[in-house]
Each structure stands twice: as structure tokens, then as C-alpha cells.
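Below, in C-alpha cells: the form predicted alone, a single chain.
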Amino acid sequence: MDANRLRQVLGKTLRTFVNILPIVAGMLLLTSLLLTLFPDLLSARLFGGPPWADALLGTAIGSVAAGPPLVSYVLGGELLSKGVSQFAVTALLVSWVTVGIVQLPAEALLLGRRFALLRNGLCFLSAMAIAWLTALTLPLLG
């Protein structure tokens, strides 16, 4: 690759990075805030209703409180130990990792609004379906 072409590519990459940096920083700040508030929401005993309501609530909370999968596994274990239903925990974990309401503006900017909305909507519905399938089939496995 010639030096001029390499310089052009590096310049374009740097401009793209600088343009998305405020969005990524805002997304990280909002995610951190939500992660800080999330345990308080759980301590308010949000869960414990009918399974469909627990799955819907778990999916909604997981969609907003997106974060790294490793954190969701720890949180899921803690929730199960506190008696939260399998429906809610599974929905929360799946949506935590796959749905990103907080990241939606950045995703729409980078990948297109239609794609971002469609992907997040399908992942939201999938999280609820996976929660139901997991909660119904897990007892069959022992």
C-alpha cells in the first residue's frame, strides 16, 4: 500500500472515531448510571407476578440496562438466589446482552435507523421467547 493511500485511510479512520466518540462516551455514562440504579430497582421487589409479567419486565429492564455478559451472569445468579423466577432472569440476561436501548442512537448512526430498530425489536421478542422456552424446558432436564 502506498504512503499517500495509507495516510488517507488513517485520516478517515481518525475522523470517524472522533465523530462517534461523544456518542460512545454518552452511552457508557448512561449505562454506568443505569447499572448503579439497577440493584435498587430490584430491591423494590419488582418481580414476583405472573410469568408473562416477569418475562416482560425482565426483558424491559435488561434492554435498558445493557452491559457486558459477565456482569449479567453474576446478576442472574444473584437474582435466582433471591427467588426471582426463571422467566424473569432468563429474559433479563438475554435482553441484557442482545437488546440495547441505550446504545440505539449509536447503532442507528453507524448501521442505519431501520436496521437498529428492527434488530432491537427482534431481539426483544426473542428474549421473551427464549425466557419461556428456557423456563419450560429446564425442569425437564432435571
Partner chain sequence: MSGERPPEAPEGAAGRKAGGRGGWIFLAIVAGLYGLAALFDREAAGRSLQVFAGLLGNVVPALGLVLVLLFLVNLLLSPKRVEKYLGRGSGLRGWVTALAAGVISTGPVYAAYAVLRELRLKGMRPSLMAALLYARAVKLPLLPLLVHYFGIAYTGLLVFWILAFAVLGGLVMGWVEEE
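A quick note: this is a predicted structure, and the numbers were derived from the prediction, not measured. Basically, rigid core = biggest C-alpha set you can superpose within 1.5 Å across the two forms. Numbering follows the first chain given and starts at 1.
Below, we refer to the form predicted together with its partner chain, which is not included among the displayed structures.
Visitor: Does any part of Trp52 reach within 4.5 Å of its partner chain in the model of the complex? Heavy atoms only, please.
Guide: Outside the cut-off, so no.
Visitor: With the partner left out here, check for me: in the model of the complex, does some heavy atom of Lys82 sit within 4.5 Å of its partner chain?
Guide: Contact check for Lys82: no, nothing within 4.5 Å of its partner chain in the model of the complex.
Visitor: Verify the contact flag for Ala3: yes if a non-hydrogen atom of it lies within 4.5 Å of a non-hydrogen atom of its partner chain in the model of the complex, no if not.
Guide: No, Ala3 is distant from the partner.
Visitor: With the partner left out here, check for me: in the model of the complex, does some heavy atom of Gly48 sit within 4.5 Å of its partner chain?
Guide: Contact with its partner chain, no.
Visitor: So that I can tell if Ser126 moves, could you say whether its C-alpha shifts by at least 2 Å between the shown form and the other one after the core superposition?
Guide: It does not, since the Ser126 C-alpha is displaced less than 2 Å between the shown form and the other one after the core fit.
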